[in-house]
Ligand code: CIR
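Below sits a lone chain in structure tokens, taken as the form predicted alone.
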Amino acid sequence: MFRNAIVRRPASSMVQGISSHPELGKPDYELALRQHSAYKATLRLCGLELRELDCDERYPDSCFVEDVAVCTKAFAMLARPGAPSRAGETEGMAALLAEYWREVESIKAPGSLEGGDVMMVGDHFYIGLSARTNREGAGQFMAALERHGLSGSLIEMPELLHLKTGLAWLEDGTLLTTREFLDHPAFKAFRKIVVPEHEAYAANCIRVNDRVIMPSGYPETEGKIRDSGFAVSLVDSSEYRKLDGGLSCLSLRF
């Protein structure tokens, strides 16, 4: 059960954010703000109390606050982003996390870890080894999990930005997955909802209490999720897609 979420207002500099899809164009900042407001309203609808941080114009990607920390029931982990342009986004985050957790740990160099590569399934955490999360950073996080009585697994990544680019844990034994992870042995025990290849962006959904929040515009995936018994809320995230971002990226939920 989630009770809180931390979000950060998008900066106008987001139009200069990191993107591997320049063909989608630059984000429309005013539309991005409206979409962010709708996202926050949906989180509140799910029963969360929101803490909204001011925008930080120094860091175009700073609205993707999930990447700078990982929240567990026992401790918070201050991440160390793998993209050099995002390194400063952790500034002030440790003090903020300390308002909610007694124990706040942090990834040390040369480790890198981004929250988008960490998927929580109960007390177990799957950690994707990607261009943003290296083996040293994942190992530090694994060691912290074990110190706190939790567990983790390392996942060798296909050509995806983050683990949660292609996976979403919907709870109730159900995993939303793209084809890249369909036959992965780490996930063989889960019931799977397979995202069609032409709707791959829809794999980045979040289960928040009694609802699945997913991006609008992906009717086949939406239908599959609804047919599996989940209530669904739709949020347009078109401007964040232009920066390789999804719905999970826009908040820290705990």
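Here the structure is a predicted model, which is why all the values come from computation and not from measurement. Note that residue numbering begins at 1 and tracks the sequence as displayed.
From this point on, the text means the form predicted in complex with the named molecule, which you will not see here.
For Gly245, a non-hydrogen atom is located within 4.5 Å of the named molecule in the predicted complex, even though that partner is not displayed. By the criterion of a heavy atom within 4.5 Å, Gly128 is excluded from the residues contacting the named molecule in the predicted complex. Shown alone here, Arg80 lies farther than 4.5 Å from the named molecule in the predicted complex, counting heavy atoms only. In the predicted complex, Ile18 approaches the named molecule with a heavy atom inside 4.5 Å. Of the candidate stretches 72-80, 161-169, 95-103, 139-147, only 161-169 has residues whose heavy atoms lie within 4.5 Å of the named molecule in the predicted complex. Contacts with the named molecule in the predicted complex, taken as any heavy atom within 4.5 Å, map within 121-138 to Arg132 alone.
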